[in-house]
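Next comes just one chain, in structure tokens: the form predicted alone.
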Amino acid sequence: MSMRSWLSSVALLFSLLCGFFAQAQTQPVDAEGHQWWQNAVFYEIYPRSFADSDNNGVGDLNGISSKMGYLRDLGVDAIWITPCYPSPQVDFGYDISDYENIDLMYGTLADFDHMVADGKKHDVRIIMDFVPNHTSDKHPWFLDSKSSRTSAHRDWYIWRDGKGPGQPPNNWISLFGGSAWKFDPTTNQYYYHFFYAQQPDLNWRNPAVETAMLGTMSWWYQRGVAGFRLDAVDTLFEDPALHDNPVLPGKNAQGDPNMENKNNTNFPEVHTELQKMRKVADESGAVLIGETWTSTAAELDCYYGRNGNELQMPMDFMFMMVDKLSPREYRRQIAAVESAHGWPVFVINNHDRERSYNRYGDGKHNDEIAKLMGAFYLTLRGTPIMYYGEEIGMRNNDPKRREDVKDPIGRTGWPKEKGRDGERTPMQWNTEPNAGFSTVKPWLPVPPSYRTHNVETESKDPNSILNLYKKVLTLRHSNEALLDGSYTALNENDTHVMSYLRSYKGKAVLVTLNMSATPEKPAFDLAKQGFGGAKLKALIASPGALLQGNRITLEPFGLMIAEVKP
């Protein structure tokens, strides 16, 4: 789902209630005390756009299976697949009409089982995207719910009378535009939808909903799924009294009043349900990743749970929201997540956010900056989640005309809001037409840059973005300091160079990143970190980087990852 700005007093109260949480996880651990997901690299796949095995212009599960060797060679341990369940595709799969099947556009359950088996052969686990907040309005539960006020599933959704003729129950606004209430003439009541009208919210205050959803998660675990990414978890509960939300100055891209979602997000009951989901996950050794939009470390802490019994991997979007190459700001964000009591999770791209190649690029050094960012977040303490194509420097390909927009939010908000098509274009495999994704016109157009930025071309170039990613991921998987070491910020007054030490049992790696367009020569005294007199040995470096004693020379946007040798 799109980013939301709902940080409210309720969220603050919520953070205070959570307190401190430093309890151990309940899953099996390795010899170093880590669960499998802590040393893993995750990779998000938008299935429509990854690989088209039957050449109909839309990616599919067999296409994903065919690329398992590529993913393993890259250094990926688990893939998160955005929704591939049966769906009318109003929100490209986030409107689910059957939680226990596969949409025919992507294949069958047999194809899914084949993908899981292929993943197992390549040591790549499968993570499904789970949408607990809402269903499609075509889901059998909702069709029954709307049939009468006494139907078996009536209370599975949120139905209310209006304030008066033609007046919804309150002033809540849908994230995608207009009232969050839709009138249904069949029973003369309104139903609630935080997102599109075709995505009615489930009523999690009904125990039957909880039972059904937990049962669905267990069903997929038994089928071989290694975990779930949980969509929009903070929207599960609403104020039963339906109090109006506070209205803020100005209007959003859809022309609606800006609003503080005080009464329809971030309710404490969310954590009760996350604990129950976690209990089911622990029975299968599975991991839960959260779409958790927070503004402070305290809020992020809440999602780990008071006893470490909620999400193992709440995503730190505060890190992703740093939209400039600022060592000072990155140090601040990393220090914030380091102060939390769970395992950090770092993301710089996803299917709802303009690609990092565009956001950080300066138009001249974009490839160097893409390498810099890869070397950065893949060497931090925590688990990274990559986004497909990030490793080859894919860029946004935003629609130029409203009639070309596929994403509904882009159509309703045009031209102020162009939608999310630009970051969802097909994976660029080679220089063939349509970037080798499909032999027919794909569902979204590929950008002209595919001719230079593709897997085949970059595989042959030792200085490509792809090969930098491969080098960093190979080092990450084999170096104890990068796997298990602590994080220590260095040269904290430096406004151009981001540098830090990853150290573990007398071993250490120094990461030095020039986030500026000027050459820099940082020097390091590691005596305070217990490495006085140590020598540096370059492990991975940009072409212009030079190591001289304790001083490193870096070209604009250059990088060096060095071993600290006693």
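None of these values were measured; they are calculated from a predicted model. For every residue, the number given is its place in the sequence shown, counted from 1.
The following text describes the form predicted in complex with a small molecule, which does not appear among the structures shown.
- Within 4.5 Å of some heavy atom of the small molecule in the predicted bound form lies at least one heavy atom of F176.
- For the chain shown alone, D184 is not a contact residue for the small molecule in the predicted bound form, no non-hydrogen atom being within 4.5 angstroms.
- Interface membership of S136, defined by any non-hydrogen atom within 4.5 Å of the small molecule in the predicted bound form, is ruled out.
- Though the partner is left out of this view, K262 does not reach within 4.5 Å of the small molecule in the predicted bound form, counting heavy atoms only.
- Residue-level contacts in the predicted bound form: of Q312, Q199, Q428, N266, one residue has a heavy atom within 4.5 Å of the small molecule, and it is Q199.
- Checked against the small molecule in the predicted bound form, the candidates R420, H496, H453, R355 yield a single residue with a heavy atom inside 4.5 Å, and that residue is R420.
- In summary, the region of this chain contacting the small molecule in the predicted bound form, judged by heavy atoms within 4.5 Å and restricted to 466-474, 298-306, 217-225, 88-96, corresponds to 88-96.
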